[in-house]
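The chain below stands alone and is given in structure tokens; this is the form predicted alone.
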Amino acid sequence: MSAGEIGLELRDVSVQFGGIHAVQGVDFSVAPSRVHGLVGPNGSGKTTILNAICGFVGSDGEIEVGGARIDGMGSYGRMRRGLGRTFQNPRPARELTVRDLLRIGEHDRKAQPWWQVALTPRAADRALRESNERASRLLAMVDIGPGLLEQQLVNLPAGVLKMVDIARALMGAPRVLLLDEPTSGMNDVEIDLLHAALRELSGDSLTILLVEHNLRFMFDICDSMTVLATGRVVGHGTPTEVFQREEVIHAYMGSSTASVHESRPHPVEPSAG
């Protein structure tokens, strides 16, 4: 895979908390238009890797987005270079509405100085209209109508809030989208909508890195996976290859690969990964 074909690449990435090595020497790369999963038991370092990519925790090693190094930047600079991120458990401020959260995502992508708004009100109005149109398109992708825009986030069901948080991350037009336990709190209908939305998004050259405990969802959506155990990479491969590995069967699934091919399992309650 050449540099021009890589959406996200990690080279020898390590994270240490005090004397504890949470992640050691992690290497993998993901091409645009691909969904890549991080697989491993609780505590294997999955969420820590997402935090290292975003700059939320310090790390050693190299991280690239679209062939450009971002590991020396702060978290905001990395976001401006094309990272989008969702979280296991969004905790919005009580007063925020759906529209407010989406505007935050848009602001992060293309912030307008106050003086520009004051001197060019027509341009500011046009930007606002475009932002609203983009928000409506993204919400429609996950079957959320415009009537929900003024709804306070605190009143939304967990699954709908997760969808809105994904739309918020996409408002920033990222090149790489990091998803942390997106199906937790979702029902089967919402999971199917999310599956279709992610497939559509990845087809638009978006690189998606996914951490998820819903094994059926992972098997269906991922093009490739990296297997983690105790902070180290123990294998790469397609979903079929990964779910046949003994360390995945025993450490992550706790049973045989047959369980992956049965009816969709209920999402496991998220925990720090």
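Since the structure is predicted, the reported quantities are computational estimates derived from the model, not experimental observations. Residue numbers run from 1 along the displayed sequence.
Another form exists, predicted together with a small molecule; not displayed. Remarks below refer to it.
Asker: Which one, S44, S29, S59, T226, lies within 4.5 Å of the small molecule in the model of the complex by heavy atoms?
Answerer: For this set of options, the contacting one is S44.
Asker: Which of S75, S136, Q88, Q152 has a heavy atom within 4.5 Å of the small molecule in the model of the complex?
Answerer: Flagged contact: Q88.
Asker: Determine which one of 234-242, 218-226, 36-44, 65-73 lies within 4.5 Å of the small molecule in the model of the complex, judging by heavy atom distances; exactly one does.
Answerer: The contacting stretch here is 36-44.
Asker: With a cut-off of 4.5 Å between heavy atoms, is N214 one of the residues that contacts the small molecule in the model of the complex?
Answerer: N214: no, not in contact with the small molecule in the model of the complex.
Asker: Is there a heavy atom of D165 no more than 4.5 Å from a heavy atom of the small molecule in the model of the complex?
Answerer: No, D165 sits far enough from the small molecule in the model of the complex that none of its heavy atoms falls within 4.5 Å.
Asker: Even though the small molecule is not shown here, does E181 get within 4.5 Å of it in the model of the complex, heavy atoms only?
Answerer: Flag for E181 set to yes.
Asker: If you check in the model of the complex, is A22 within 4.5 Å of the small molecule, heavy atoms only?
Answerer: Flag for A22 set to yes.
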